[in-house]
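One chain comes next, on its own, written out as structure tokens in the form predicted on its own.
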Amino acid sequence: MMDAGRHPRIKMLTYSEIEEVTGYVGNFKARIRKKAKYVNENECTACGECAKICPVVVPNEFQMGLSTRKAIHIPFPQAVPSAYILDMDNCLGNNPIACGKCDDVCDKKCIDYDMQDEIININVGAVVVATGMDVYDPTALDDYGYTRFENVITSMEFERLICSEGPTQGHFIRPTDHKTPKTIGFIQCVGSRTQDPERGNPYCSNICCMNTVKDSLLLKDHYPDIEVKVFYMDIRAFGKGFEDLFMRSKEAGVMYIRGIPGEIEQDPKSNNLKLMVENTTTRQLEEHDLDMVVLSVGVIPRKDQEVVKKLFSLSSTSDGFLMESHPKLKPVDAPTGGVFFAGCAEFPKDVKDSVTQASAAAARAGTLLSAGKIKIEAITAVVDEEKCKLCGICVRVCPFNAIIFDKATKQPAHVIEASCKGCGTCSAECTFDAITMQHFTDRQMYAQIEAILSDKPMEKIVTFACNWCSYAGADLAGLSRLQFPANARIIRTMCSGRVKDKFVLHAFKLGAPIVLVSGCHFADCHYIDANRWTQKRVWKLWDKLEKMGVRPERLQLEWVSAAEGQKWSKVMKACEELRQQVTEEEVQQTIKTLKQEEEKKSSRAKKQPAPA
């Protein structure tokens, strides 16, 4: 941070937050609120006289509440800029002035109680999202006594206690008696690798195992006589040199016990902790007496991540972390053009991987900005201005905010091609057929449906599959030599959101017994939330079909990912079983009903008066 602060071409806005972002790749406009620090950072020399005289004492957030700070303080060591900030929520010197001691002792007169937030508007070409992560709060896991026993701490609190800049200047002590513990236990996977949502998350947090190995070596280096025990499911030391580090920890005398304790009890006299654990290696129930227990807590997405997602039109995976454009080909690109990821915003990773991804994100942003122009795929939406009725539906459904229009000036909708990704949701939702998807036009879709059903339609399953997940899942099923009926005819779309209700009804009118619409899982949509509009559209179609006397189950909706070849096989088998239950008479009745509906609609259109 210090190097970045000194760089002549880097402008750091600390103690600030982004309120709004508009525009598109190469042309973003951001509104930033620079919060009032109530201290002139350009004049402050960080002498510390103000903090010495300040009478207000509050818990220090950076030190995990293990020490205190004053109302006027430096947020953390090595903060950039190295200047004090006045915490006005706890300060006594404002509205009305009741203290003012910091202002009295400040020789530079840096204190300004009337300082206001500053709004800054900037234009940028690219954005790197590096918002980091939060850690799991083990309060819910009271089996380990985190809320009841002072000597049960988290791995984050351990880091502050053993750090030379921590509340104890690096002298590791027990919170209860301030003595160095003789035995200490680490419990792994607290808040990770569990299917119980009340006890944590199902994914591995990546960094916890090696963080504990590192902590155990720190303890052994500082206190060779200390006894360290690690209770674990399995140690995941997959990085470069990590296995060597793990073996060093064992050689140093750290005991690794394969088993997770059930609960912890405390001796009321000595404050020592007692835990029971089933050692799955020896298959014995063991009892361990410990002076301290460290909970190795997992990593969770940022609590304010929803704000970031809305600012940049981002999507997230099922675990809550931000989803990249493509896990292999574009691992640092967001689905929104010009936005890139770095660090744990995407998924849990250690410092090395975070630095690697940050370098990649900087390179991608630099490549974009140096090009001057961007290349886009020719699959974007085009608005027919003569057909556009200014209803605004397309603007509302576009997941990338790529469509704009001004109803007040009666200007038709306009597509920002640099932002459009070609998902086709706008075209599917437009009731006036005013939007055409290049290379995925309605005419092309109808032609494919008609070609599929031109011969032996009763034997076919018309399938609409999204390009990124379902189509890839079908491909994986074939490559894996999985057995499933071969009578499904796939129509590839960029997104399931492209499938109009008219496409489905046209297939039924031509004699299709079964129509399948398949796309990405809700949390994995490559077009942020476009598949949610797919679901809404299919729900309406089911109601419409039922009112017309057509069995709704003849229209199937399934979510299949690119890795679910097995599921694709099962879905195809289920659709084939359903197809065999559809009779020729039922299909003919459906064709007759749909034609009658078309005639009624055409008759109503003719009766309507022509527009003036």
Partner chain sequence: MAEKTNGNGELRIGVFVCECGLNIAGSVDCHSVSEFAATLPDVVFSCVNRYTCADPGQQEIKRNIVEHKLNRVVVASCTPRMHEPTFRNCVAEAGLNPYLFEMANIREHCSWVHLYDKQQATEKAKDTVKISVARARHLSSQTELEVPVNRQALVIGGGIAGINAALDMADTGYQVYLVEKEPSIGGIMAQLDKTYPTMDCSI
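Small disclaimer: the values here were computed from a predicted structure and weren't measured. Numbering follows the first chain given and starts at 1. Under this definition, the rigid core comprises the largest set of C-alpha atoms superposing within 1.5 Å between the forms.
We do not show the form predicted in complex with the partner chain, though everything after this point is about it.
The shortest heavy atom separation between Pro485 and the partner chain in the predicted bound form is within 4.5 Å.
Using a 4.5 Å cutoff between non-hydrogen atoms, Thr168 does not count as a contact of the partner chain in the predicted bound form. Remark: Ser370 counts among the residues lining the partner chain in the predicted bound form, judged by a heavy atom distance of 4.5 Å or less. Contact annotation for Gly191: none of its heavy atoms lies within 4.5 Å of the partner chain in the predicted bound form. Here the chain stands by itself, but in the predicted bound form one stretch of 204-212, 390-398, 183-191, 496-504, 204-212, has heavy atoms within 4.5 Å of the partner chain. Interface residue among Cys102, Leu322, Ala342, Cys525 relative to the partner chain in the predicted bound form, by the heavy atom within 4.5 Å criterion: Ala342.
Only one of the listed residues (Ile162, Met233, Ile404, Ala252) places a non-hydrogen atom within 4.5 angstroms of the partner chain in the predicted bound form, and that residue is Ile162.
Residues Glu417, Ala418 of 413-436 are found to place at least one heavy atom within 4.5 Å of the partner chain in the predicted bound form. Annotation for Ser205: C-alpha shift under 2 angstroms between the shown form and the other one, rigid core superposed.
Superposition on the rigid core between the shown form and the other one places the CA atom of Phe464 2 Å or more away from its counterpart. Note on Tyr527 and Asp319: their C-alpha atoms are more widely spaced in the predicted bound form, a change of at least 3 Å from this conformation. Between Asp319 and Asp475, the C-alpha separation shrinks by 3 Å or more in the predicted bound form, relative to the conformation displayed.
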